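A single chain comes next, written as structure tokens; it is the form predicted on its own.
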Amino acid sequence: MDMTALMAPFEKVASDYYGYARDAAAAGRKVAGCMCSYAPQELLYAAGYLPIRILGREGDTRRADELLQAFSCSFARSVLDSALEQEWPFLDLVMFSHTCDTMQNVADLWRAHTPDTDTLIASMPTRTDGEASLRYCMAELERLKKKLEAKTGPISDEKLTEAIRLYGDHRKTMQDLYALRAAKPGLLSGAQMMTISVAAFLMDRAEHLPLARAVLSALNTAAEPGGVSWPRVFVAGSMCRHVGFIELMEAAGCAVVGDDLCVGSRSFAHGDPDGDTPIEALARAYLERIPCPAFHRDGRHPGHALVEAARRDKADGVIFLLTNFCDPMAFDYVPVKKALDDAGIPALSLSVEQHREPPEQLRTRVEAFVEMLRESEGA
């Protein structure tokens, strides 16, 4: 099936991460940058902002390196350096989520060095189950709502409900696309799926949703082509801002059929928005989502959850993209790797930097891993 026309809108946006936002700002729309998928974008949308995900950029981070410790992750250094270089003048507001100490530090530095951009911090509860967490999350959302209303005017329940419905419909469509990709990797590659995801973070959801639905509709009725059977790989990690990492893996001879990445399926794995008020519905949706390594839920073991996801997508192996100095993911990696070993699922760990292009040496390691998977299948 020729995907050229269907993919063109997503590829256009992903080819210039912030071009869509610049155009929106030039047309008079307020733009809010979000550092994390735990930023409640529905609140921003209801307040009239275009919420976009700040994904950093490639290149040197010398100015940020003067302010951040050497053991800060490349994502943190990249986004701070871009702010210091004033590369995002179209941002009216930036919303951080308190996920780790490094990003909290970046938030403080951002506020101090870019005073022309409003800065908000969404402090979500690190434990996401229980009534206490729900009450805390609702109170935090109410606080953020009042902060936004002071800037933009009242946010009605109707506007917030409309935004929650839009984002919920969009997440459901993206979940369906991820499931279809796992079922028919010959129709939709991992790189194409990530391109669609990256575009979602950079576009108005109301514009991205019909485009994603068009892809889903076309592929639902298409037959997967026959031919070479590639080893099926599941990708896990924290950040992965660059589609090139997925392209490199697939060029090495595997099919990326699933992922657990914050710039991937995890951002769309929210619970159903349900509650007595829009704020309660929004709180429940964020608390019931698949948590990232910086958040915890009683009884949930990250390793067992990854084993279940890999088996669900019929993956032959798992590739970890471990951003250097990402402490939350590093802490999770030990029990996760043990769970994969116990389940007999092969895994490869790759250390990556988010402000650099994927190095060619990674392809060699992935090729060796793919060859091992092929030999295992033939055994």
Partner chain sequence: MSDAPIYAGVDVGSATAKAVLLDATGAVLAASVIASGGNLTDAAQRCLSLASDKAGVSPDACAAVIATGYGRERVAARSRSVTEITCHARGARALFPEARSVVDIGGQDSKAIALDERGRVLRFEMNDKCAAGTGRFLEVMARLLEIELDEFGGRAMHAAAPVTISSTCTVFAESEVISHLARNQNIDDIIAGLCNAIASRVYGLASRARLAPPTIMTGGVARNEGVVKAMEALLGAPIRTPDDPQTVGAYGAALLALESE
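Because the structure is predicted, anything quoted here is derived from the model rather than measured. Positions refer to the first chain, counted from 1.
This protein has a second form, the form predicted in complex with the partner chain, left out of what is shown; the following refers to that one.
Partner-facing stretch of 309-317, 48-56, 32-40, 348-356, counted where any non-hydrogen atom is within 4.5 angstroms of the partner chain in the predicted complex: Comparing against the partner chain in the predicted complex, the contact stretch is 348-356.
Classify Glu371 as contacting or not contacting the partner chain in the predicted complex by the rule of any non-hydrogen atom within 4.5 angstroms, answering yes or no. Yes, Glu371 is a contact residue.
So in the predicted complex, does any heavy atom of Arg365 sit within 4.5 Å of the partner chain? Yes, Arg365 lies within 4.5 Å of the partner chain in the predicted complex.
Is Ser15 one of the residues lying within 4.5 Å of the partner chain in the predicted complex, judged by heavy atom distances? It does not: once the partner chain is placed as it appears in the predicted complex, Ser15 has no heavy atom within 4.5 Å of it.
Would Asp60 count as touching the partner chain in the predicted complex under a 4.5 Å heavy atom rule? No, Asp60 sits far enough from the partner chain in the predicted complex that none of its heavy atoms falls within 4.5 Å.
Is the partner chain close enough to Asp341, Gln361 and Glu375 in the predicted complex that each of the three has a heavy atom within 4.5 Å of it? Yes, the whole trio is in contact, each within 4.5 Å by some heavy atom.
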